[in-house]
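Listed next as structure tokens is one chain, alone, in the form predicted on its own.
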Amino acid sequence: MATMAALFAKTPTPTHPFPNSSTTHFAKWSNLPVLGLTGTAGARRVPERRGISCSLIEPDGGKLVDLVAPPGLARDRWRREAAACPRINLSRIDLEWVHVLSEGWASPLRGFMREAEFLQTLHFSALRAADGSFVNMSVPIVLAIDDAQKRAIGEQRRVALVGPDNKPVAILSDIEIYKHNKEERIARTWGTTAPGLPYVEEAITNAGNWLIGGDLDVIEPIKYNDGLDQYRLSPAQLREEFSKRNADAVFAFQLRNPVHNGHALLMTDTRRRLLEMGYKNPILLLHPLGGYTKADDVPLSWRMKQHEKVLEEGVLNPETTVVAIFPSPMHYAGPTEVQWHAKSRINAGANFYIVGRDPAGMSHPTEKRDLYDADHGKKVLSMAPGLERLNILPFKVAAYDKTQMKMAFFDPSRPQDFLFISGTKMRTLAKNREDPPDGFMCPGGWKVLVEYYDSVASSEGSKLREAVPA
């Protein structure tokens, strides 16, 4: 991954000082069409800029949360204090949530949710601040414990959170233990209690019947030692990088799949439109999800290799692109979860968020249909409480244009000229070592995808070829 690291580190020298203004001002709203919408109903309009301001959007709550102890004596003291506390062993997903909380992705939340925060999240998708204002929070960030752990904690007010290596990771203080109503949590987060929801089966079904919330103090930055930690940039580090690049707009694109040229077309077209609106240096945050994903998703390490090729081969410009890993686990909770994805990028400095068809969605686990309406994600984002400051940019539909032999925006006046290559078809082509049409994905990126499915076939001891769906 050294090549990609070099691309990331190559930061242009700003041509003028970065302003110290703490707010972003929009002088008026224009009637420019929002990306991907045929009408304006239900969409948050994109602002026209008069008198460009180069400041980054403020984090939720006005200040970015940082729960990691500074190096030195504080860390030593917290380790000693953790050794004297009751211990809670963290699962992989629990540790990912500690990571998320520690860096301020969930600002202004300062720890695992207590009951009041949990109920506000489930019922309102928002948290009320001390001044009466609201910030968006659509997914519960909670820690489950079982009956035995609850008894062991007793009347103690602090517990130590212990990582997979059996070393203390954090201290949870001023704790509150309350009932874990799994059915209500699942129903309100996913809109169904059908069996087969990946996150539910991984993190909820067999979890304890109690939740423990409190203030979190993390002993040192969370590291995974998988060769990718250099890309796990915190919101503070991302904000610093955007400032170094003199960004006057940041547009975020989350994905958990390989980047094809349709994605790249959308991202480059978004930057073009922002330049036309008067921004001088819009920066793309290409932000693959790095936490838990379901078994049939391409693993993070392979996705990062594929993204490296996208930059190396010039599909995206490394001068105007920041590639980083978003540490959150994936829920596959559709319009509920996409609010979390958008809110967290505000805390990283993004004031524009690109949203696609069926964001954070999946197939229904027991029926032959999508679990969520494909358009509800972008509609919910345009109306969600606490996201008013974020400009939502829905996808334009891209498909393979057979007349131009490249990915292009779909033209409904000539539908016969376009080929829609689904994720299923893309995966099947790669599994069978068959090439997609020229111009669908950069050659190096496609090679990485083929190598991944070859490795899966080798590990399973089989390389059965599947018929490519039409």
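This is a predicted model, so every value here is computed, not measured. In this text, residue numbers run from 1 along the sequence as written.
Another form exists, predicted together with a further copy of the same chain; not displayed. Remarks below refer to it.
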| Looking in the predicted bound form, any heavy atom of residue 87 within 4.5 Å of a further copy of the same chain? | no
message = Check residue 291 for me: does it contact a further copy of the same chain in the predicted bound form (non-hydrogen atoms, 4.5 angstroms)?
response = no
Contact flag, residue 364 vs a further copy of the same chain in the predicted bound form, heavy atom cut 4.5 Å:
yes
_4.5 Å heavy atom contact, residue 190 and a further copy of the same chain in the predicted bound form_ = yes
Exactly one of 371, 316, 106, 323 comes within 4.5 Å of a further copy of the same chain in the predicted bound form through a heavy atom, and that residue is 371
The listed residue (146, 81, 215, 184) that reaches within 4.5 Å of a further copy of the same chain in the predicted bound form by any heavy atom is 184
The stretch from 95-103, 174-182, 349-357, 230-238 that lies within 4.5 Å of a further copy of the same chain in the predicted bound form, judged by heavy atoms, is 174-182
Checked 116-138 against a further copy of the same chain in the predicted bound form; residues with a heavy atom within 4.5 Å, sequence order, are 116, 119, 120, 123, 124, 125, 128, 134
